[in-house]
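First comes one chain, alone, set out as structure tokens in the form predicted alone.
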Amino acid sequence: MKVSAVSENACLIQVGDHISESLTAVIAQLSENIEQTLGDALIDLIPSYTTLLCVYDLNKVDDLWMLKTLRQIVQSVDSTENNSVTSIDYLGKSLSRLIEIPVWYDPEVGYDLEVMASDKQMTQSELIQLHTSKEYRVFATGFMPGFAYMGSVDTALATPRQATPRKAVAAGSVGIADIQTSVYPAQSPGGWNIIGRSPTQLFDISRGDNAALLQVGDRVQFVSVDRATFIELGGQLG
């Protein structure tokens, strides 16, 4: 792992060079250790697939102290269990959350469900079964508040993004792009392949610091529900 200053009050930790659950675990452990060490000197931590950006308050710590401290933290995590910080139990509560997200899988709301199933020479039921048969890890967040990049989908479901993005994808839409899956927190343009819709509110500012339901390291299980249940849970059509 490498720590570099990228601005007057931000450092970037390069954890690896490819997407993996083990990297997500390391990034989560680094985040926890940095938060505990920096306290109110920390402004923000921004994780991605392979990096962690640390933004800090120059009025409370200087850049040289920050680089030295982050390198010490990186060294302690890097040496833990011979570089294999992957255990959910070891990482504690932040990686132990399992969140179930109900989804109504149907062509009425899953714009690409029929075409994807046909292209992959499987029934819609088989496609749904594959999508709901495993837990997904939240690798990163971004694009819009509450949007979580999750993976990895079964190789049989991996599908490139749409060549021409839609101008409007409905809030709650569940999509697949390459080996990742996600849920649109709000209506937005988008090029993911949409296979269903969830009534779950992924971003709610009234929840304060927990406005975004999904955080890096969370595990997610999609659960198939019928139309009536989707509406009963607050799902919107149209």
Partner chain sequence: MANLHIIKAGWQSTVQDLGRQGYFRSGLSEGGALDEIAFRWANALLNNPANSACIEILMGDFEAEFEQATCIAITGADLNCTINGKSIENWQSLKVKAGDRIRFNSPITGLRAYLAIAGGWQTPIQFGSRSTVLREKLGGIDGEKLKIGQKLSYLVNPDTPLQKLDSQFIPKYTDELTLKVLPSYQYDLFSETAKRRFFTSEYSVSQRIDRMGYRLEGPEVMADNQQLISEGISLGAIQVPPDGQPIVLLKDRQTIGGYPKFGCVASLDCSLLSQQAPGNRVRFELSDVATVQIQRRLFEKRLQIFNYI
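Positions refer to the first chain, counted from 1. It should be emphasised that the depicted structure is a prediction, and the values quoted were computed from it without experimental measurement.
Below: the form predicted together with the partner chain, not depicted.
*Asks:* Would you mind picking out the stretch of 142-150, 115-123, 70-78, 102-110 that comes within 4.5 angstroms of the partner chain in the model of the complex, counting non-hydrogen atoms?
*Replies:* Heavy-atom contact with the partner occurs in 142-150.
*Asks:* So which of 177, 38, 169, 45 reaches within 4.5 angstroms of the partner chain in the model of the complex, heavy atom to heavy atom?
*Replies:* Contact with the partner chain in the model of the complex is made by 45 alone.
*Asks:* Looking at the partner-bound form in the model of the complex, is residue 200 within 4.5 Å of the partner chain by any heavy atom?
*Replies:* Judged by the heavy-atom cut-off of 4.5 Å, residue 200 is well away from the partner chain in the model of the complex.
*Asks:* If you check in the model of the complex, is residue 56 within 4.5 Å of the partner chain, heavy atoms only?
*Replies:* Contact check for residue 56: yes, within 4.5 Å of the partner chain in the model of the complex.
*Asks:* Residue 25: heavy atom within 4.5 Å of the partner chain in the model of the complex?
*Replies:* Taking the distances in the model of the complex, the answer for residue 25 is no, it never comes within 4.5 Å of the partner chain.
*Asks:* Can you work out whether residue 189 and the partner chain are in contact in the model of the complex, taking contact to mean some heavy atom pair no more than 4.5 Å apart?
*Replies:* Taking the distances in the model of the complex, the answer for residue 189 is no, it never comes within 4.5 Å of the partner chain.
*Asks:* Establish, in the model of the complex, whether 127, 220 and 236 all lie within 4.5 Å of the partner chain, using non-hydrogen atoms for the distance.
*Replies:* No, none of the three is in contact.
*Asks:* At 4.5 Å, heavy atom to heavy atom, what parts of 203-220 sit next to the partner chain in the model of the complex? List them in sequence order, or say none.
*Replies:* Heavy-atom contacts within 4.5 Å come from 203, 205, 208, 209, 211, 212, 215.
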